[in-house]
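Before any questions on binding or motion, here is one chain by itself as structure tokens, the form predicted alone.
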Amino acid sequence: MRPFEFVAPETAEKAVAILAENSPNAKPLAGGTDMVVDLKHTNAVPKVVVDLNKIEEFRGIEMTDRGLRIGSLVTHTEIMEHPLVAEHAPAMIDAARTIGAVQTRNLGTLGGNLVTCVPSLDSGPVLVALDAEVTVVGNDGRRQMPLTEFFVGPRKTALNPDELLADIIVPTAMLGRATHFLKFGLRKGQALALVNGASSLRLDGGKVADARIALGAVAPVVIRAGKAEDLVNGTDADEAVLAEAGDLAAGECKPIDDFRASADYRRDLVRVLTKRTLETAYAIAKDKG
């Protein structure tokens, strides 16, 4: 590993100023579960590493007037153990449990997982299915955007070089929404997703309304399966409808062939995952009455 300068500012303002001053040769450090590996195995070592862990405003899980706020430095373990997440967005816990090993979940942060922006990231589908928004802070102030706009491409987000992800908001209207997450990998633990995804919905007169189907590892970024969503809205999610929704979702994906699975196999997984997540979300909604 080549040497670099290490700084640990205590405020977001100082952190973004350092990033701006040293761009493009500075990188922020959160949990480090991805970045430390990169530093050891690449020649593209930054001149300055900006440790974010002293920035208190990037921490915490709390209810706000906008919804459930989760700081970007919140770890996956914190998500798994927090009562507000369990009450208002339990599918986030299901997703967090699938991320790496316990050591990774203890160190890895929600913000870091989103900023890394690999197509198979496990935190993305649930948040997209819940219409999550993000807050970004930079030298020009703060801006907010839907998470779907934050994802630009593989390992590419909407962040400018002097910007940091501050927090993630699950909007008030989506809190308590019936949601289900599933992940398919080559083994039960510590595996990258071949396909992952989540469905969320509510009921209106016993019929599906306002469905969201989000899929990962089958396109450059996490995507919504809009045609499948339109199909299930207004139905009672019977077997035929769910099977057709799976077919439509598979057609909306753009999976790749790689050493872990073929594109055709991933499409078959999408069919199964879409059907199962919708089926379970519908059952959850019915149980809630």
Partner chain sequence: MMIDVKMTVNGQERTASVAPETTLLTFLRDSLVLTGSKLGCDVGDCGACTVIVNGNAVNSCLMLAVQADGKDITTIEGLSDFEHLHPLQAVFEQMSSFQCGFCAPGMIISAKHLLDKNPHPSKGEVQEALSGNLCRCTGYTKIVDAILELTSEEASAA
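Predicted, not measured: the structure shown is a model, and the values here were computed from it. Positions refer to the first chain, counted from 1.
Not on display, but discussed next: the form predicted together with its partner chain.
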{"property": "Residue (of L175, V152, A101, L186) lying close to its partner chain in the predicted bound form, criterion heavy atoms within 4.5 Å", "result": "A101"}
{"property": "Contact residue in the predicted bound form, chosen from R202, H82, R105, H88 - any heavy atom within 4.5 Å of its partner chain", "result": "R105"}
{"property": "G31 within 4.5 Å of its partner chain in the predicted bound form, heavy atoms", "result": "yes"}
{"property": "T135, heavy atom within 4.5 angstroms of its partner chain in the predicted bound form", "result": "no"}
{"property": "Contact label in the predicted bound form: R2 to its partner chain, heavy atom within 4.5 Å", "result": "yes"}
{"property": "Partner proximity in the predicted bound form: A263 to its partner chain, non-hydrogen atom cutoff 4.5 Å", "result": "no"}
{"property": "Answer range among 137 to 145, 74 to 82, 159 to 167, 207 to 215 for contact with its partner chain, defined in the predicted bound form as heavy atoms within 4.5 Å", "result": "74 to 82"}
{"property": "Partner contacts for 6 to 21, taking its partner chain in the predicted bound form and a 4.5 Å heavy atom cut-off", "result": "F6"}
